[in-house]
Structures are given as structure tokens and as C-alpha cells.
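Below, in C-alpha cells: the form predicted on its own, a single chain.
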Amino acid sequence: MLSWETRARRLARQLVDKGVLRSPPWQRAVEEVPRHIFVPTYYEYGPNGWRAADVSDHEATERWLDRVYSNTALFILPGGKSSSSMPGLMVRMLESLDIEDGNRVLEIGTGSGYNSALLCHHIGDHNVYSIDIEHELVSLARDRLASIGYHPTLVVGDGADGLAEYAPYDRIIATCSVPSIPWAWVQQVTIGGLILADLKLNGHIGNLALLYRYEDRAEGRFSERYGSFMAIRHSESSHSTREPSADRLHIESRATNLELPRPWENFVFWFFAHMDSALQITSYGQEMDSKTGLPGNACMIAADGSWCEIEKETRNSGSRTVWQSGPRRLWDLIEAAHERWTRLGAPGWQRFGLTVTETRQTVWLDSPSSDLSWIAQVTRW
């Protein structure tokens, strides 16, 4: 049976080989922080619903440890409400924040406590602050951190508010996604400090953004590599959404040659299309093919009830049939956005940036002064 230390060193080496772990301090943190303390069990979803991982015998315990010391995100609450994120994603984010000795760091989303432990290992627990809305998670994380000698400041509360009583911070890292960057976070970071957060307009629409705090704003670029977290949860339910009612009358059909039957699979184009065409798509996926039992045609529904369905298989001509209806023709908008995106050189994430002020959030291409920019909707927290 391999020791946890051997497994942790093996995980660190795998992350180094993947190119996501580069700095010696973070490598030592991965090697020396026992992740299994923070994930004593994890939950998986199967035919009979959610169940905890089996650790009833030696063989099952070995499987559990193999999973814990792998580059895998693990659900730590039944129902998939919270997870211990992929270690590779976490260290990539921590390294990009360029955290220095003496920096004070606020983490939005305590989760299992593992990321807090990595921070404590590097900069000392007196410099680490973390907030989560789940009282149970905060309590468990506090006990588990204490069991290995760490005592950071952990608070139960709404992460969108930050943690003003201990501000300012040199860095803020959010391990949850937000539809817009809360101005409270900007206010609580020192000028010259950094915020790293997952901006998701909805679903997969967005990416990690690293923002530098200026006197009057926070500004920066999206990460070149995609990253994603579960959505932030609030103490109030005022942000719940209702499935739009799709107009199933006046259906139009036509052929399309766009080789993108599931546009959400190209994350950067999906983001561009929503910015450029204000798609406001709230639901998307694939219908079940009644003949094969496999995923079939792709479907999308927008907030105003507009919808489209894209045939899964191409015809001999190389085209697909598209059906659409509602106030707008969604597929027409997607095709037009794809044409503009291609004309711009099919820009990747590194060409997109974000500027956050107290009243406005602006996504731009290439430069904050670019002629090509879009105003993003600001959530009133």
C-alpha cells in the first residue's frame, strides 16, 4: 500500500509534467498537504442517485486514495452542491496570482478547505482568509485544517460581499463562478492587487479572468486556458431563473453548412457569440434519439422563448437541417457571429479582456480602448 506522501509526490510530478505546476513553493505544497484529510469521502452519481465512495475494505480504500491523489474534481456534498476542485486547476490559478511572502489572500468559496491548506503552507495561516455560505463546509474545513496545524480565518457568509472586516487583501481568488465581478471584491483589494475569478454569464459562457486593481477600476485578461467552477450560491433565492416558454408555432426550417452543430462545445466562440449577438440562451443540450437511445439533435432556448434545433447528422450535401422559431432566429444569429469571429481571426481567450468599474463591466477584444467591446450585464448582489 502506497503512503499518502508517495501519492502526493506522484500527483505533484504529474502536474509538473503537464506544465501546470512550475514553482517550487507550490510543488512543495502539493507534496506536503494531505488532500485525503479534506476529502475523507466523495460522492458519485449513479443509477440509484448519489452515493458516497466505498471505503469499507482495503481494496476500496486504495481506490479512494487513488482518486483523491489524482488530478480530479470530487464532489464533497451529495447532490453535487460543492466539490474539491481539480488540483491542476487550483495550482494553475495560485501560480497565476503571483502570491508573495506576506501577501494577504481572500478565498471566495472554502469548499473542502484543501485550497486554503495550500495557501497556508505557502504564506502562513495568518495571511489566509476564506468565506463560504455553507456552515457545514466551513465547520468541517476548520476542523480539518486545525488537525494538520493550520488556523486561517474562516467565515460563514455570502461570498459576493467579500470579507470587508479583514480587508484590504493583496489577492482575491474565487473558487466559484459569478455572472459579474462584485464591486465589493474590487474595493477590498489593495491598489496593485489581483483578483482571479471565473466569470460565467450562464453555464459555460465565460472563463477565468485575472484582474489588476487600479485606482478606479479592475482590469485584465481572460486566461488562455479554460477553467470552470460551480456557480456562487447566495443567502437569498432572488437569483432563481425560470425556464422560458418556447414558441412551438410558426416553425421555419432551412439548411446550414456551419460545422458547429453544438456551438457550446467551442467555449471561446460561445462566449463571443453571446457578447456579440446578445443570444441570452438559458437552456441547451441534445435530445435523446428514440431509435438509438443516444444523444441526437442539438437544441437551444433563449430567455425570450426563441429556439432552434440542429440536425445531428450531415446530409450527402454536407449540410444539416435547422428548425427555429420565436421572436428571433437564433441559428441565424449564431451563423452571423461565427462569420464575424472568423473574420477577426478566430480569436482565442488571450485576446479578450475585462474592465470592471462600480457601474459597468466591459468585455473587449485586444485592448481596453478597442473599437470592439461589449457591455456585460452587472448583477446587483
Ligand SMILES: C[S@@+](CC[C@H](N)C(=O)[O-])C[C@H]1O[C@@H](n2cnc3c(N)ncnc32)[C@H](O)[C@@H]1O
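The shown structure was predicted, so the numbers you read here are calculated from the model rather than taken from an experiment. We number the residues from 1 along the sequence you see.
Beyond the structure shown, there is the form predicted together with the ligand, which is absent from this document and is the topic of what follows.
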* Could you tell me which of 107-115, 120-128, 256-264, 212-220 sits within 4.5 Å of the ligand in the predicted complex, going by non-hydrogen atoms? => 107-115
* Can E95 be called a contact residue for the ligand in the predicted complex at 4.5 Å between heavy atoms? -> no
* Can you check whether G157 is within 4.5 Å of the ligand in the predicted complex, heavy atom basis? -> yes
* Should I133 be classed as touching the ligand in the predicted complex when contacts are defined as heavy atoms within 4.5 Å? -> yes
* Partner proximity in the predicted complex: H151 to the ligand, non-hydrogen atom cutoff 4.5 Å -> no
* M230, A167, I205, A184 - the one with a heavy atom within 4.5 Å of the ligand in the predicted complex -> M230
